[in-house]
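One chain comes next, on its own, written out as structure tokens in the form predicted on its own.
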């Protein structure tokens, strides 16, 4: 049996909805190829699904995050980001003219560690980005929110993994000042490329719409009143978005059903431990995370699963932490080039500290080395899930036996 990393499935019904002879032709005939009726419908459907007052579609999640920061009026400040995230979160901070300050994670939540967050707050800290890693809203969300309130910090959500997730009945994208979603092909719902901002804040909404569209202000006859750029979504992409959001509940249910199968098959197995999902949170399982035994060879396990069992395991969340990326040898944490003389092209250097390499994230380091993610997507059968679990347990058991016999020889 062969189990791929992902299957991106569009049913015949889906294809009929997106049919080039109907919807796409309609868009082409209208002459409105961007920011038309399907873009508005896509945004409206996202509002309803997420439960936000406003939604603004964008070209991708990275620019959605950047737009939120700009709409909040943050510039030349520091923003705290977990080192255990995709680099796009950090890039959005740098692209908006701010400095990244990394923080450690809690190995049991995959998310920001509140205790370390407190330590990272300094005089110019203005915001915290809470990343819902793997499609899980941290059970420590309320503590993180309180820290932000006590220190007058904006709480921004990176919801790239978390479409449909929530805590205590409230969905990701409504837990902070604003949230940024991704519709990349691997995500819970996809438009191939695309992003979305959700917020209940009218000022953020109005500013974000202008920044997305070159800074044009509709109240001033589309004169440029904001520093914007072309961050728009095309109408053709929005057509796919409408189809995906209309069936989002079905997609979410399917993912949760597959996760339950994994939960049952992995219960009390004695070798690996699935990440525990708190009872007051709802996960749509962008990733199904499994912790390996302490001394496991993850690369060897993944290779054996691929070569012996033809099972492709997905990427981790994350194997390479942001603060370890080689980019920092060339750039500072505010996105300025380091020159050969050791100085930095930053007006505030060296007082800002943007040139000092950031280190010391032990919990995130542990997490990065001790987990894998199992394939999970709509259409997976129980037979496939059972094959994945059986192959994984056999692999871990066999490698543990080899390790034990080697130590004893």
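Numbering follows the first chain given and starts at 1. As the structure is a prediction and not an experimental result, all values here were calculated from the model.
Another form, the form predicted together with a small molecule, is not on view; read the next lines as being about it.
For the options 131, 233, 258, 204, the one in contact with the small molecule in the model of the complex, meaning a heavy atom within 4.5 Å, is 131. A heavy atom within 4.5 Å of the small molecule in the model of the complex is found for one listed residue only; from 358, 52, 62, 368, this is 62. Within 4.5 Å of any heavy atom of the small molecule in the model of the complex lies no heavy atom of residue 72. Taking non-hydrogen atoms only, residue 301 never approaches the small molecule to within 4.5 angstroms in the model of the complex. Put simply, residue 85 is close to the small molecule in the model of the complex: some heavy atom of it is within 4.5 Å.
In the model of the complex, the small molecule sits within 4.5 Å of a heavy atom belonging to residue 194. Only one segment in the set 93-101, 183-191, 119-127, 271-279 has residues whose heavy atoms sit within 4.5 Å of the small molecule in the model of the complex; it is 183-191.
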